[in-house]
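Heads up, the chain below is alone and in the form predicted alone; it's given as C-alpha cells.
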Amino acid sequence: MEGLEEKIFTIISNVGTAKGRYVAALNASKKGDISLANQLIKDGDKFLIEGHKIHSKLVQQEASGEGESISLLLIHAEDQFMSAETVKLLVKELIEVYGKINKLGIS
C-alpha cells in the first residue's frame, strides 16, 4: 500500500501544480500577457502529463487484474486529475477570449 500511496500523492502533486499553472495563465491573460499565459499552459501541461503517466499505469494494472484496492485517496487523485483537465480546457478558451478583447482595446 505504501507504494500505491506514493504514486497517488505524486499524481495529486503533479495535477495540482498543473491546475495552479492554468489558473496563473488565466490571470496573465486577464492582464493582457497572452504570451505568458500560453507559456504557463505549456508548463502546466508538463505536470499534467507526469500525473497522467502514473494514472495510466494504475489503470493498466487494474485492467490486467493486478490493481490494488481502491481507496478514498485514489478517488481524490482521480477527482483532482479530472479537475485539472477541466480547468485547462476552460482557461484555454478564456485566454482566446481575453486575447480577442485585448486586440479590440476593450478593458
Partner chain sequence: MIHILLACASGMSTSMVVKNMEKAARDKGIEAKIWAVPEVEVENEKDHVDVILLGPQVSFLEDEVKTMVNNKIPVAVIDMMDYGKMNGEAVLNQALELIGGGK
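Just so we're clear, the structure is a prediction, and the values are computed from it rather than from any experiment. Positions refer to the first chain, counted from 1.
What follows is about the form predicted together with its partner chain, which we do not show.
Shown here without its partner, the chain carries D43, I49 and Q61, none of which come within 4.5 Å of its partner chain in the model of the complex through any heavy atom. The closest non-hydrogen atom of V91 lies beyond 4.5 Å of its partner chain in the model of the complex. In the model of the complex, G20 approaches its partner chain with a heavy atom inside 4.5 Å.
Its partner chain is not drawn, but in the model of the complex it has a heavy atom within 4.5 Å of G16. Among residues of the shown chain, H76 is one whose heavy atoms approach its partner chain to within 4.5 Å in the model of the complex.
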